[in-house]
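First, one chain by itself in structure tokens, the form predicted on its own.
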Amino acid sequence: MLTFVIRRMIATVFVVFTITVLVFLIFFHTPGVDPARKLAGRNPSPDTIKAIKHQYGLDRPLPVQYLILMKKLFISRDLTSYSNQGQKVVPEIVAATPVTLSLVLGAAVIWVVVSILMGVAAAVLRGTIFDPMLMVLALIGISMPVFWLGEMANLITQDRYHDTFLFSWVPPLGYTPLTQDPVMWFKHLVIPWLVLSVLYIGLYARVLRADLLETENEDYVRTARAKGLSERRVLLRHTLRTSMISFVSLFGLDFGVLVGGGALLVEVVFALPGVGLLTYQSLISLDLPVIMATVIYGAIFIVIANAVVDVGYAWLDPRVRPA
């Protein structure tokens, strides 16, 4: 197992390096893209563009430009925004990360717990009316776009019924840090948690139900029943553990994507100043350093999540470990 983990870590470092190179080339050396012209403003003179290129090292060889940007991003951490001169990019991302983590972690707890309960219940109650009812609910959750659901939640909790006893506790859109006021932090995030988790509850419940039903036909499950083990023990110790492999794989990928900025729509709808909202604002202003930094940040989270998933996969099923 240790050898597998070491190999996976080496592969992770190589993948991150490759991603940084590709992102650098896409954002700064795509034909027709000239960061110096954006910095120079409208109708710049050739001398102005030349001076800006020299100031930012854009007139140096390609490998040197890459090394300068990576140094500013990961070592000196003084990469500056193009739209807001003097504003450091890395501190912006660092300040936005706790917001995104708070949103995604809370939603993840909800969707993992509820989807496991729904998936197990649907599998156990197959053949009854409750099985299709649960799967229909899951399908409805999958079918609702998250931005639409968020807008509907705001319409109900912030406008139509805000003055009623049901939603009078809901604060205005925004975010309060956990360290500043835990109660207000929870109030700001509980609705976004529910909105973000709805899609994943339906998806994960359907995947888990299908895996549970497929696993029940395996030889080791029939052997466990033949030994006289209770159905509860067979479900928890044998069927559910093996069926969680696909569940864990999906969770790792989705969690990495969301933390890396995939929760953008929810953050925009609920005015949460996380990485997704920062990326959205940077895209509007075409602020290349911020966009590049957030893309690399998100890619690193996704790659790390993949590595963790692979390790968890190998722990759940030793057959996937290399010899």
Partner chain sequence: MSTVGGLEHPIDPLADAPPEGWVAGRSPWALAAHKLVRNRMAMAALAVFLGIVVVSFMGPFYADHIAHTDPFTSQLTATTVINGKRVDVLQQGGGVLKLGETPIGPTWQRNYFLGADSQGRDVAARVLYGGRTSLTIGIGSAVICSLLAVIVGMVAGFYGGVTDSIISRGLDVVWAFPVYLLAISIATVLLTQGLTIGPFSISASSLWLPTLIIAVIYVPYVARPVRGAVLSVREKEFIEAAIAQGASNRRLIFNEILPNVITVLIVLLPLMIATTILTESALSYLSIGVQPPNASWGTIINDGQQLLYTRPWVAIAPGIMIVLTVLSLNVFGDGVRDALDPRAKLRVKD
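Superpose the two forms; the largest set of C-alphas matching within 1.5 Å is the rigid core. Because the structure is predicted, anything quoted here is derived from the model rather than measured. Residue numbers count along the first chain shown, from 1.
Omitted here: the form predicted in complex with its partner chain. The next part is about that form.
Highlighted residues 183, 192 and 309: none comes within 4.5 Å of its partner chain in the model of the complex, counting any heavy atom.
Shown without its partner, this chain lists 269, 69, 290, 52 as candidates; in the model of the complex, only 269 has a non-hydrogen atom within 4.5 angstroms of its partner chain. Only one of 168, 179, 76, 143 comes within 4.5 Å of its partner chain in the model of the complex through a heavy atom, and that residue is 143.
In plain terms, the part of the chain that comes close to its partner chain in the model of the complex, with a heavy atom within 4.5 Å, is 143-151 out of 183-191, 96-104, 114-122, 143-151. Residue contact check for residue 26: one or more of its heavy atoms lie within 4.5 Å of its partner chain in the model of the complex. Proximity of residue 129 to its partner chain in the model of the complex: non-hydrogen atoms within 4.5 Å are absent; the residue sits far from the partner. The closest heavy atom approach of residue 280 to its partner chain in the model of the complex falls within 4.5 Å. The shortest heavy atom separation between residue 159 and its partner chain in the model of the complex is within 4.5 Å. Residues of 49-78 that come within 4.5 Å of its partner chain in the model of the complex, judged by any heavy atom, do not exist; none qualify.
In the core-superposed comparison between this form and the one not shown, residue 49 has its Cα shifted by at least 2 Å.
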